[in-house]
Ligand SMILES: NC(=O)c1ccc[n+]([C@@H]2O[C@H](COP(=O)([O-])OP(=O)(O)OC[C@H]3O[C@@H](n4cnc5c(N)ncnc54)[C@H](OP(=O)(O)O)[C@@H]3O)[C@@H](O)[C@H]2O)c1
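Only one chain is included here, represented as structure tokens and corresponding to the form predicted alone.
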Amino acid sequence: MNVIIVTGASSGIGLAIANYLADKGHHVYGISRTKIHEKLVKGIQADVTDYEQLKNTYQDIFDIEGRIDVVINNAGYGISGSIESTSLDDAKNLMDVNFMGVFHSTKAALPYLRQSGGGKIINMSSVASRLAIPFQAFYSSSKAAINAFTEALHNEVSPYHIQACAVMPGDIKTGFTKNRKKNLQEVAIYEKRVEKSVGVMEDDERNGMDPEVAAKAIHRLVQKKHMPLYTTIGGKYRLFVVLHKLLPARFANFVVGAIYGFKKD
């Protein structure tokens, strides 16, 4: 029985993870900007971009439970469009949620994980962190930053019996597709390419894995004595990640560009 915190738990993968772990008997706290009303998940309204709010929330959870065992940093969203057309505010806001939110949650949780005798921090990254998708540069960048953050974190906290893992899911059917923020004004030369690229990505997502696949993968990590530093969700996506390591970087990037870049349009 673990005390588990899941950020971004109001919908999609986060909600599936929170419910699945609660069904397995864990004490699960779901953190989100909108209130969660689930039978077994204790919903708390908080914003991952507000460190002080998270710090107070984690203190409250620790005071109630006497421990915190696992933190799953899942909150995040995507924006699409060309780099040139992306507003400064949109880029900053995405990094505030997707990356700084992971930092805030981790910073707030670490003292309580140490006091609990150790624990696990699971950061939701993406296959897009390794295969950077054109016209979704900021989402890919935020997830690549999470990977680097996780590697550094693991070495810093492992002497205190705290483990860190970056989870890289492939395409999953969730509301993420509908909620993706798109550039309001696109530079004309990119318009058709962006439309085609995002269309391919959204079709992949609509035909992607069920969120429960991710929830089961996270449950296995919670149960493991020793987590891997990285894990990829989805058989074909594990193959993609392996091939990306083996192929020359320029060629691997060319293949991704051929699928999503529509360079000849």
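The first residue of the sequence shown is number 1, and the count goes up from there. Remember, it's a predicted structure, so these values are computed and weren't measured experimentally.
Beyond the structure shown, there is the form predicted together with this ligand, which is absent from this document and is the topic of what follows.
Visitor: Out of 183 to 191, 120 to 128, 147 to 155, 105 to 113, where are the residues with a heavy atom within 4.5 Å of this ligand in the predicted complex?
Guide: One stretch meets the cut-off, namely 120 to 128.
Visitor: Quick one: from S85, Q163, S141, T174, grab the residue that has a heavy atom within 4.5 Å of this ligand in the predicted complex.
Guide: For this set of options, the contacting one is T174.
Visitor: Is S197 one of the residues lying within 4.5 Å of this ligand in the predicted complex, judged by heavy atom distances?
Guide: Although this ligand is absent here, S197 would stay clear of it in the predicted complex, with no heavy atoms inside 4.5 Å.
Visitor: Might M227 be said to contact this ligand in the predicted complex, defining contact as any heavy atom within 4.5 Å?
Guide: Judged by the heavy-atom cut-off of 4.5 Å, M227 is well away from this ligand in the predicted complex.
Visitor: With the partner left out of view, is I218 within 4.5 angstroms of this ligand in the predicted complex by any non-hydrogen atom?
Guide: Result no; I218 lies far from this ligand in the predicted complex.
Visitor: Taking heavy atoms and a 4.5 Å cut-off, does T49 contact this ligand in the predicted complex?
Guide: T49 belongs to the contact set for this ligand.
Visitor: Output the sequence-ordered list of residues from 68 to 93 with at least one heavy atom within 4.5 Å of this ligand in the predicted complex.
Guide: Heavy-atom contacts to this ligand in the predicted complex: N74, A75, G76.
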